[in-house]
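Shown here is one chain on its own, the form predicted on its own, set out as structure tokens.
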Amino acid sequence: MISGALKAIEKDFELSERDLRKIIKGFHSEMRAGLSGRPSSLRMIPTYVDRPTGNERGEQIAIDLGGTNFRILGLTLKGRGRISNYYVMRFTLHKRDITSTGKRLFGFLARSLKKFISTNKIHTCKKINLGFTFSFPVKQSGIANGKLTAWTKSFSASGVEGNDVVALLNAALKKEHIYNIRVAALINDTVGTLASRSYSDKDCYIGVIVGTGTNACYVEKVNNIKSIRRSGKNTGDMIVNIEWGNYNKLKVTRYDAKLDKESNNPGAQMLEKMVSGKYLGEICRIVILDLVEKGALLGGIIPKKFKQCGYLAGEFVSQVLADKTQYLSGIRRLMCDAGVRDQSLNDRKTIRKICGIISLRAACITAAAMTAVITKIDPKIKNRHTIAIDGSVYEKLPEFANNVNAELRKLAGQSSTRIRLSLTKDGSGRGAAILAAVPAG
């Protein structure tokens, strides 16, 4: 019985080459629509900055804010893709800092920067550009302008939504008597990852994050971006933030539909709900629960904790797939922690198979999306392409990176030899510092 149930699940989640090429075609259509200002699941947001040339020079600083733990880093760009004097300090925001007022929040950032300057003996008499990685939804009108549209990640500081976060940070710096540092670039983590790798790699035109969330950016011709054409600028290149997590032309299983319905944003972020670490564990929970309810797993006894939405995090999938022991003792411990004492080896093998099926689908979708972006830039893939990639799923989920590469080879054929995925750790902060030295687009 379990064999038949597993085969049915495998079929539900399976993506044929035809399915993946349909995703690529749909991606191209949605990218063109987003660039032209037509309705699209891909927002295609202009960032107002080109990728670095590798010749930028000078001392740069960046604040990398994506959650309650944030970093401030400094580096010196030496030109020819070289970086020296790289140093980092980490800080923690407390609940009152992120839920009180914007003045308190940005004041804390400014005071932290002041400590960073003092600790690292940075000269306060010379002007220094600051890159600001702000991984929250913003509507940008320039490289150093962006209004917060809505807080996420438990942040709720008042007086920030609808306001320019660069102006708020600059005002906080001034209040702390920091006059020699100005925000020169506002970016997200995906753009930072692209910038970090492309400073030393001329073939890098794409940045991807596959972690708790997922997104990508790439370099586009300005004359293809409608909102930029309106401003009078119609030449050169610009990094475009795709916001690909919202892509919705995908094959949806009944498990995906259930997850989407129970999420806090039904109908949105469909690709993200199939790929990112935030949701992989939840898909596994829903599938496991379905098999248990059918009596095909765990003797038909539903673990109490498995009834809780969100009980299984993405780490569960990683830990299950990492278990190579003969009797899957690691999975046994995980299930015991969930209150499942009565479990067979076959149960554990089934759970491992489920996690593998869901992980493989995520890798296939990621590979198809990457191929779509590459072929948007270079339809015949005649040139070399480095994809800068970061994120916990890509880096730590067992076999995920290998599966992405394998699917890329299938989709790109012989041209796949010209595609290279490069893990770019901590690119968000480093990229912000680098982009602070790039002239605004």
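Here the structure is a predicted model, which means the values were calculated and not measured. Take the two forms, find the largest set of C-alpha atoms that superpose within 1.5 Å, and that set is the rigid core. All residue numbers are counted from 1 along the displayed sequence.
If you look for the form predicted in complex with a small molecule, you will not find it shown, but the lines that follow are about it.
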- request: With the small molecule left out of view, choose which of Asn170, Gln140, Gln343, Ser135 has a non-hydrogen atom within 4.5 angstroms of it in the predicted complex.
  value: Ser135
query: Here the chain is shown alone; which of Ser359, Thr214, Thr366, Ser198 has a heavy atom within 4.5 Å of the small molecule in the predicted complex?
result: Thr214
task: Go through 122-130, 150-158, 323-331, 247-255 and give me the stretch that gets within 4.5 Å of the small molecule in the predicted complex, heavy atoms only.
output: 150-158
message: Counting heavy atoms only and using a 4.5 Å cut-off, do Glu315, Gln319 and Asn403 all touch the small molecule in the predicted complex?
response: no
message: Residue-level contact is defined here as any heavy atom of the residue lying within 4.5 Å of the small molecule in the predicted complex; does Thr350 satisfy this criterion?
response: no
message: I'd like to check something about Ser112: if you look in the predicted complex, is any of its heavy atoms closer than or equal to 4.5 Å to a heavy atom of the small molecule?
response: no
Thr190: touches the small molecule in the predicted complex, heavy atom cutoff 4.5 angstroms: yes
message: Can you tell me whether Glu272 touches the small molecule? I mean in the predicted complex, with a 4.5 angstroms heavy atom cut-off.
response: yes
- prompt: Would the C-alpha of Asn383 be classed as shifted by 2 Å or more between the shown form and the other one after rigid-core alignment?
  reply: no
- prompt: Taking the rigid core as reference, does Ser135 move its C-alpha 2 Å or further between the shown form and the other one?
  reply: yes
Flag for Asn405, CA shift 2 Å or larger between the shown form and the other one after aligning core: no
